[in-house]
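In the form predicted on its own, a lone chain appears below as structure tokens.
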């Protein structure tokens, strides 16, 4: 039966709290809500088109619920943030989840939820809506090539990433490493935080073998960092585990990065750096159509020594003029 009073949305709800200031601070830091003052100095939290009014316990606000008490609420808020990025955010605030991430069912469909408690002990469910393109493990594929998939890193990738990031033979020609376990974890946390940036500038991505599936451990990593948004410029790079060398993955990765940057991000210019002595990477960059602009002399320190680097670049007009017209997803590579 259709109601004569349809309810389009919730306007506000009320929390009874012991400490208004502590509650304002919690919801502002954790969920980005905006503290507001209304009426005769009453306090509330604004988010979207709704708000939460705060009633001090024992206060003289009428009317009120029959049995108002701090810590009696169970709330759910939707956020547009990857669950792992949310976990890192909570960890940075020193907040330990009560439960999660777990799968739940919300008003409009499936959710992936993390539960925390606010200063009064209210149960606060922070949830991300699942769509056909996401799952509880949240492994969206940003782009792909003939044999490779490129996705965001997960904390569960730590062992695989540390396997190559701590290998001196892999990091010999990179500007970083070898990594310690804590450095590997710090890198993953930075990469995951980058996912929630709007607009996103840092694409640090896992490279996985298409034949093994998107959830498989990375065979390496790559980057596309937007270094100048106004002039639409970015830097690309890649690195691969030893057993994935000499299979054409470097070239395939770099071409895929160029295609993603020019066709999806609308970039004007993309650059790459490699050590002067890294002839393999220099060959790859030239093979995919990049031009050597010059040499940076002793501009970085690596393991106690200054290194020279070649600077390569390619413009969107040059990329479009290549035989494959930048639309082939396979075959290309960049340096770290």
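Residue numbers count along the first chain shown, from 1. Please read these numbers as outputs of a predicted model, since none were measured by experiment.
There is another form of this protein, the form predicted in complex with a small molecule, and it is not shown here; the text below is about that form.
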query = What is the one choice in 170, 195, 73, 142 with a heavy atom within 4.5 Å of the small molecule in the model of the complex?
reply = 170
inquiry  = Exactly one residue in 35, 56, 68, 280 has a non-hydrogen atom within 4.5 Å of the small molecule in the model of the complex; which is it?
reply    = 280
ask   = Taking heavy atoms and a 4.5 Å cut-off, does residue 184 contact the small molecule in the model of the complex?
value = no
key: Interface membership of residue 174, the small molecule in the model of the complex, 4.5 Å heavy atom rule   = yes
ask   = Should residue 249 be classed as touching the small molecule in the model of the complex when contacts are defined as heavy atoms within 4.5 Å?
value = yes
ask   = So in the model of the complex, does residue 216 come within 4.5 Å of the small molecule, heavy atom to heavy atom?
value = no
In the model of the complex, segment of 75 to 83, 101 to 109, 117 to 125, 234 to 242 with a heavy atom within 4.5 Å of the small molecule = 234 to 242
